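We begin with a single chain expressed as C-alpha cells, specifically the form predicted alone.
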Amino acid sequence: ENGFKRPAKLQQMDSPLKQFQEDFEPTPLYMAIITYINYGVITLFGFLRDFLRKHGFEKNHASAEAGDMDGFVSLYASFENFYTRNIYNRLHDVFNRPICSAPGPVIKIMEREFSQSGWSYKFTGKVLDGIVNLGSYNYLGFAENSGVCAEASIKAIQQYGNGVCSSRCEVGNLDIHAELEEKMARYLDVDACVTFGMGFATNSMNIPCLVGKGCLILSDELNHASLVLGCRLSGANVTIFKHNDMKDLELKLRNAIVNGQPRGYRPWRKILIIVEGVYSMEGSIINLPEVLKLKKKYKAYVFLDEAHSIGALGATGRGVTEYFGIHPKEVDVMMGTFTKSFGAAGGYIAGTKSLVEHLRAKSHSACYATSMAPPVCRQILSSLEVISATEEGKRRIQKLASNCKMFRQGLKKLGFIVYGNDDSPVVPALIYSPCKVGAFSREMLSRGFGVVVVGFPATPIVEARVRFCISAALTEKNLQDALDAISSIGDILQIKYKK
C-alpha cells in the first residue's frame, strides 16, 4: 500500500555491528542560570526599545504595514518578530556571510559594514581571502571549481545546456537522469532509486505520498525541518519520541498498537518511524540496529534520512547502514541528498521497485517540479564514480574519518563540551551564552576561520553552540591551526566548560 512492499529477509553484511556510544554532557547548572539571565536582560531591553519605537523616540526599521492598509488584519505580527528585532539583528554580522568563491577548504568572504544596530549594512569592497572553511557540508571535498567533476559538469552544459525547463513527467526526463538513478541504486545495493532536484523537497513532498489520514508517524524530536514539514503535510497523526531513545520509541510504539487511533480506537493503517542517519545539529548517529529491531517486532516501517551520512560514514561511504553492518534492504525507505558529500544539489529515495514507481507517479516533486539540471546531475555521477570506484575516493573517505576524530578529540582535550558521536562529521561545541556566540564567530573570523554558530530557536534556549563541519579537503595543519585559535578564544571567552 502507498508504494510499500516488505522485502524478503536478508542477511546482515559481514562487518560486525558498531558499539554505540555518544557524548551529551548535561548543561552545567551555573551556565543554565547565567544563560536564562542573559535572555531575561535581552528581553527586558527589547521591550524597552519596542516602547521607545512605538512612541517615536527610536526609529523602527522593522517590517511595517503600508499607510493605506486601514481595516486590514496586520500582516506583520509585532510580537512574532520580537526575537528578530531585538536579538537576531544584534548578531546579524555573524550570519549570512556572502561567499565569493567555491565553498572548498579555503574560501573568500565579502566584508560588510553594519549600522543601525544591525538593521542595515553595506559592502566595503574588501574581500577576506584565505578563510579556512569549517562550516560547509563539503564532507568529501567535491565542492570544487576545477578537477574531474567540474570538467564533467562543463561538458554536460555543452551537451544538454544549463536547465531542463520541464518536469520528469513531460519533456524533462533525460538519459542522464536514468543513468544517475541506475548507478545510485547499484551503489546502495537496492532495487531502484528516484532522484529529485531539491533535497528539502525530497522529504517534504514525498512523506505525504507514503502516509496519510489514519496513519501514525513516530518522529525523532530532533528531525530536520524538511521531515517535520513532510509529516505535517501528510495529514497523518504524529507522535514525537525522545532523541535516539529506544526505550521511549518502544513505549510509543506499544501504546500506539494497544490504543489504536483516537476516539474510534481502530488500528492504525500503518506506522512509519522517521529518523536521520546523522543529526546535523547534535552530531549524533542514529542507533539503527535498535530501530530495526523495534521495526520488526512491532511491524512498523522505517524512513531513514541519510542527508548527512551518505558518503560520510562507512568504509566505502555508503552511509549509516554500512557503518553498522546492516544491509540497506532492511530499511523500507532510504532517503539521502546530494548537497553534502557529493558537492551538488538534489536528493533521492531508494528502496523496492514498487516504492520507487509509486513515488514517480504520486510525488509532487516528481510530477510538478523541474528536473535536476544536467550539470548538477553530471557532478553527482562524477563524484559517485570517484567515491565508488577509485583509490582517490577511498582516500577521501579515510581522510574525513581521521579528520573527524582528530578535531573532535582535540576539542575535548582543550576542555570544550562536545556533543555527538566520534565518527560524525558534524562536531558541535557548546557555548551556551547568546552573547558569547557572536563574539566567538567574530574572533574566529579575525583569525582566518569561518564557522557556523547556532542558538535559540534552532537549539534549546540553553544550548547555543558552534557547529563545525569537517571536510576531507582540510589538511592536518588547517585543523591544528583551528584548534589553536579555538583554544585561545576559549580562554578569552571562558567557554571551556568540560569537567
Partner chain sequence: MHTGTTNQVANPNTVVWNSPGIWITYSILTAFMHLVLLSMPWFTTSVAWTLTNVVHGVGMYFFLHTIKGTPFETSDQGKYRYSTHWEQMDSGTQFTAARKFFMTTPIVLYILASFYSKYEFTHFVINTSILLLSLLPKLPQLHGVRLFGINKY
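No experiment lies behind these values; they were computed from the predicted model shown. Positions refer to the first chain, counted from 1.
The next section is about a form of this same protein that is not shown, the form predicted in complex with its partner chain.
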{"item": "Candidate stretches 249-257, 136-144, 184-192, 84-92, one within 4.5 Å of its partner chain in the model of the complex by heavy atom", "value": "84-92"}
{"item": "The unique member of Leu445, Ile461, Ala62, Ala439 whose heavy atoms fall within 4.5 Å of its partner chain in the model of the complex", "value": "Ile461"}
{"item": "Triple contact flag Leu52, Asp68 and Phe114 to its partner chain in the model of the complex, non-hydrogen atom at 4.5 angstroms", "value": "no"}
{"item": "Touches its partner chain in the model of the complex: Lys155 (any heavy atom, 4.5 Å)", "value": "no"}
{"item": "4.5 Å heavy atom contact, Glu179 and its partner chain in the model of the complex", "value": "no"}
{"item": "Contact label in the model of the complex: Ala389 to its partner chain, heavy atom within 4.5 Å", "value": "no"}
{"item": "Partner proximity in the model of the complex: Tyr36 to its partner chain, non-hydrogen atom cutoff 4.5 Å", "value": "yes"}
{"item": "Members of 192-207 lying within 4.5 angstroms of its partner chain, judged by heavy atom, in the model of the complex", "value": "none"}
